[in-house]
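Quick heads-up: it's one chain on its own, the form predicted on its own, in structure tokens.
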Amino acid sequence: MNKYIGIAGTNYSKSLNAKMLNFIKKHFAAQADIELLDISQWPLFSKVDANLVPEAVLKASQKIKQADGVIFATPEYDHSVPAVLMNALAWLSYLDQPFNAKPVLITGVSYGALGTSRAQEHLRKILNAPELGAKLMESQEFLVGRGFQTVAENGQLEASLLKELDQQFSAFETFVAAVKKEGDQ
């Protein structure tokens, strides 16, 4: 069973993205162990000595390194990722590179019709930076638009979206296996 880290790119306590990520954790519990990291209380990034990096950042970095992959659920704010997610990525790329060659699945819920398409594209570019170096599945997006209509209070998705999520997760598991095999060579 693969172990994944889930990161909701938000600090909003009623976030649909956090709810969806919790749902993903429960829905795929028989297939994968998904641990959710809370980045909402991390301090603002600033360059500090290595011994002054926040403990939460160091622990998160170790968990990401040990995981088989990472699942992001990001909202879209002004056609980009939220500041709290940018902050977390800045901390995680500062002294360490836990995302280096790490398979990543990007998801997201928004209130608009386009889902989080622009935020996901932006996140892809960020994760592709040399300081992060994540492994991204080509042409794989899980976009949920009109979140208030398509995501229930408990994070449950409507049937058509759930089918799409199942397909995306299956593709991600295949991708993770291929990355592992590539690393063994």
Ligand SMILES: Cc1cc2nc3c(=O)[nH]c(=O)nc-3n(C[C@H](O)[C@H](O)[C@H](O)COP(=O)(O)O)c2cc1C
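Note that the structure is a prediction, hence the values are computed from the model and not measured. Residue positions are given as counts along the sequence shown, with the first one as 1.
In what follows, reference is made to the form predicted in complex with this ligand, a form of this protein that is not presented.
The three residues Tyr12, Tyr77 and Thr116 all sit with a heavy atom within 4.5 Å of this ligand in the predicted complex.
Although the partner is absent here, Val176 sits far enough away that none of its heavy atoms falls within 4.5 Å of this ligand in the predicted complex. Among residues of the shown chain, Leu16 is one whose heavy atoms approach this ligand to within 4.5 Å in the predicted complex. The closest heavy atom approach of Ser110 to this ligand in the predicted complex falls within 4.5 Å.
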